[in-house]
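Before any questions on binding or motion, here is one chain by itself as structure tokens, the form predicted alone.
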């Protein structure tokens, strides 16, 4: 069913390209849609600082390749896509892209920026031969509502651009507790091109569930109760497809 729907949409785009062949702006937009449709789903992982984004991303990929500390690289939007050979490419705000050295410390991948600063780097693209990335491109984003306005702006500018569609097709949004900033972000993403179709494109996850209740043995049971309560919240049901923990 999924393949037949995608094929039908692809055919519609090709028909539209013929109709709007004399309209450069419309043709360019349609070509972008055609390219996006042929690519793996772009799934962004978002949330506040230390919500557990990189830990979840590593779990999905099946390897410890996303940094989980609070270093420079966690302040940069980082794409993880499939590649036959491991490679890390840095895309600076100004200048040409360049390959970063591959380095592991205690089995974990380390990004070596050299003399470059996080604020001077638009994005990092990690190509990795993980089967999980064949049909899914994961995007790790800096913490939202960070004490650093620059860090927080990197995520919002990428996920909720002012004058362009979001580069993410859907979002996994992690939260340890429900804050007003979480709701504002989900509402904003709902207002972007990704959400205007009426389809909810966000999945909310109650993260670091083992820490709920001061880490007692029944922490995960308590987390399940909290997730169920959030799932029934009318103000959230229109913003997130579902809740998990």
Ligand SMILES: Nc1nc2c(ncn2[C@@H]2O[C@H](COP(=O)(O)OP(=O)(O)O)[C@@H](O)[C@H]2O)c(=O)[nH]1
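Numbering follows the first chain given and starts at 1. If you're wondering where the values come from, they're calculated on a predicted model, not measured in any experiment.
Keep in mind the form predicted in complex with this ligand is missing from the figure; the text below concerns it.
* **residue 51: touches this ligand in the predicted bound form, heavy atom cutoff 4.5 angstroms** => Contact with this ligand, yes.
* Asked: Looking in the predicted bound form, any heavy atom of residue 68 within 4.5 Å of this ligand?
  -> Flag for residue 68 set to yes.
* To do: State yes or no: in the predicted bound form, is some non-hydrogen atom of residue 55 no more than 4.5 angstroms from a non-hydrogen atom of this ligand?
  => Because a heavy atom of residue 55 falls inside 4.5 Å of this ligand in the predicted bound form, the answer is yes.
* residue 42 within 4.5 Å of this ligand in the predicted bound form, heavy atoms -> Residue-level check for residue 42: no, no contact with this ligand.
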